[in-house]
Ligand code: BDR
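Shown here is one chain on its own, the form predicted alone, set out as structure tokens.
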């Protein structure tokens, strides 16, 4: 029997956040305990609606969704509708979630669940670290209570994707990121057995790329029809249309969300595909053999005119500090993409075929 790893996800859903949640819900080795919501890709209240709707779509409305702090610790709120769309899910639509939001604040939920299952819970943070910074104020023992903290964030030996040196999640709330890193440094100095946090930065996540043929493969695994032209596009690209007409509701969601993301990358990065940062982090949270890491001392620049939000890793040991982060330096992205197609495709098949949208002709 597969051992199920209890996991809480803190996210700013977000197209690739939604794909990460689908991966976790599709994985037999994951027990998704709760989803907590922060601002980043979109504002936190929209994040909560996205999470509730996505879980409703796949029949997992039983999972608790909790709203957290809605603005960064110090800086003004930034969101990115040009990357993820005005609701954060591209061209996709979701049902309304029937389960109400949790009465718990996200930071309290994180702290309470860690105390309830000391040494067992994995916390996966795939948005800005605002909620975790607040949780550490309420429960400073979190680094010792968690089994592992895994984050998607940072750019260590590559350029940033928001400024020349900063990655989006860290850029949005560098003060929170620094507080988290300092908390782990303090905990490790006091007790070297405290596990270092794992960080997947752009160094590895920009190697995880979903292309239109991967979405076609997902549709085929799900048994969706049409299976080889998900969106019945009129051009060469099967996703080149307004809305997906795939018969499977989960496949439709993935295709409609990813088409927006792929169009963004086509405009700004010169390729029609999508980086899937957060699903790779989710997969690594369940199976760390997918990545190779290097133990490093890491800090974040919170001031400065040019370098705010930069993640600085001491690769040469010049600070003489104990490592606080296992920084991912390589990843088996081919294996990850294969797992994502297989697992999410199987989940989509299980959810079943839904009627085509009434506004799209078969």
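Numbering follows the first chain given and starts at 1. The structure presented is a predicted model; accordingly, all values stated were derived computationally and were not measured.
Keep in mind the form predicted together with ligand BDR is missing from the figure; the text below concerns it.
- Ligand BDR is not shown here, and in the predicted bound form it never comes within 4.5 Å of any heavy atom of residue 184.
- Although the partner is absent here, residue 41 sits close enough that one of its heavy atoms falls within 4.5 Å of ligand BDR in the predicted bound form.
- Heavy atoms of residue 202 reach within 4.5 Å of ligand BDR in the predicted bound form, making it an interface residue.
- A residue is said to contact a partner when one of its heavy atoms sits within 4.5 Å of a partner heavy atom; residue 161 meets this definition for ligand BDR in the predicted bound form.
- With ligand BDR left out of view, the stretch that reaches within 4.5 Å of it through heavy atoms in the predicted bound form is, among 165 to 173, 284 to 292, 115 to 123, 136 to 144, 165 to 173.
- Counting a residue when any of its non-hydrogen atoms is within 4.5 Å of ligand BDR in the predicted bound form, the one hit in 256 to 272 is 261.
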